[in-house]
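Listed next as structure tokens is one chain, alone, in the form predicted alone.
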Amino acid sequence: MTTILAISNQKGGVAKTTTCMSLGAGLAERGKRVLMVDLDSQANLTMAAGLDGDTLPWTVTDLLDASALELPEAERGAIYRAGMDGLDILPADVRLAGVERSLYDRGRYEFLLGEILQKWSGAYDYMLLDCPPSLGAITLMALTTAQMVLVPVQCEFYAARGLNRLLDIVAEVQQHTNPHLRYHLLATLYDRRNNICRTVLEQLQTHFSTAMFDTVIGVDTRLRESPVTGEPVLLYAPRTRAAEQYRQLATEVEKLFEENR
């Protein structure tokens, strides 16, 4: 059975795409077959994998376009290797923004992504959905498709406050399209020298004690450098603190889903 995680936060700059790439690499390093799906028209995950979505013959945009669903070559050609064995990506391109606007006119659009990914369900152990920094149609599709939403939360005041809106959306999805959806929070961009960071982390751990990953992702310049190389940080700087933290996260994720199978 394929485990599907949506990685989502409507606030940008919280290490959402970095977490998708690094967690994917951590799971692949553990021998899992992983497909990352770039659902953001900015295509940052695609670029971090060393690809230019605007030059590729097929991307997730084509698969979400109703006219492309009849083209089997799109399904065969839209998957690319993402820098290491066991880690693949379904890339995005700028046209995705236009497709998202048209989704609202399609009945039961929330289930479209799940129908598309079902074609590869036997090929992967994990699918990681990198959502856009918004709570629009594409994010709703991702939450409807996933078993869990992983929410990266930057350890600063405004990022923590913005959690309520996302959790409201999660509750709505649970009520209408995906009653089994769960959520887990991941503290990111943590600077232990910063008093506000420490306070916010303590508050998160108090209020969401059963829905927090134990792993905390610290600030690390190598995480900002690795996308330039087209490699996950686990390959670019395998012995750094950030690489070890994402390895710990991969272990936690695997254990979490094994316990609930």
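Quick caveat, the model's predicted, so the values are computed rather than measured. All residue numbers are counted from 1 along the displayed sequence.
Below, we refer to the form predicted in complex with a small molecule, which is not included among the displayed structures.
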Could you spot which one of L90, L189, L185, L96 gets a heavy atom to within 4.5 Å of the small molecule in the predicted complex? L189
Check each of L223, L27, V37, L234 and return the one that places a heavy atom within 4.5 angstroms of the small molecule in the predicted complex. L223
So if I measure heavy atom distances to the small molecule in the predicted complex, which of the stretches 51-59, 213-221, 199-207, 28-36 falls within 4.5 Å? 213-221
State yes or no: in the predicted complex, is some non-hydrogen atom of N194 no more than 4.5 angstroms from a non-hydrogen atom of the small molecule? no
Evaluate Q42 for contact with the small molecule in the predicted complex, applying a 4.5 angstroms cut-off between non-hydrogen atoms, and reply yes or no. yes
Wondering, does V14 line up within 4.5 Å of the small molecule in the predicted complex on heavy atoms? yes
Check whether P133 has any heavy atom within 4.5 Å of a heavy atom of the small molecule in the predicted complex, and answer yes or no. yes
